[in-house]
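Just the one chain here, the form predicted on its own, laid out as structure tokens.
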């Protein structure tokens, strides 16, 4: 079990200079094991800066980041071990691939954790299974893979450290719809089996609606909305005020007068079918 929390987190770049900019401004939230939280907002709203605090890559200007109640920037806290508990997958993580085979690349993290050879092999096999990688792909050079395969290989490298929390910055960006769905389902499968906490940053309202259970809306470094996913997407007008849309299926069903807030195509098909059946009766 893991609990990650921030309290009045502030991060200012280049303080005291003409280029001073506050990228994260007073953000407070909590993420616990088993939760899948989405963070949405326009480019430049502070999302990527925020998540880099959660495993200690960035130090706050003020405020706190706590894991299981301990301030990770307190004197004596061992942040090296934290990075195996809180895995961070950057946008376009395939650019982080470097070894001669996918298998060796995935093994890099566990090896740095001083796992023995047997444990490394177990973790590589398990991570490859979660990420949907074949034996042939494991033996291949990462640079021979397709874009979607590279993305899964990079994800497997983080999963092999068996993190208790997984922080993802646009993990499906640039992928075709089939690859996009596959990688998101891989992430959810990992979360379900391990009870990991997941934080997903995405510009895709469809992904956020389909795969998360709570959402925070970020604007100008602040969380301007927080709540359960269905409740947030029911506030169409407020989202529009922040320059954000709802999933297309949500908008269509709302305009058609369907009951409740529809989040997925499957829910939309049922809602429209029920509405048409009611009209026929």
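Numbering follows the first chain given and starts at 1. Model, not experiment: these values are computed from the prediction.
One more form of this protein, predicted in complex with a small molecule, exists but is not displayed; see below.
Among 234, 64, 254, 48, which has at least one heavy atom within 4.5 Å of the small molecule in the model of the complex? Contact check passes for 48.
If you check 227, 34, 44, 243 against the small molecule in the model of the complex, which one has a heavy atom within 4.5 Å? For this set of options, the contacting one is 44.
Can you say which of 246-254, 65-73, 36-44, 208-216 gets within 4.5 Å of the small molecule in the model of the complex, counting heavy atoms only? It is the stretch 36-44.
Hey, in the model of the complex, is residue 270 touching the small molecule, heavy atoms inside 4.5 Å? Contact with the small molecule, no.
Although the small molecule is absent from this view, report whether residue 23 comes within 4.5 Å of it in the model of the complex, heavy atoms only. Within the cut-off, so yes.
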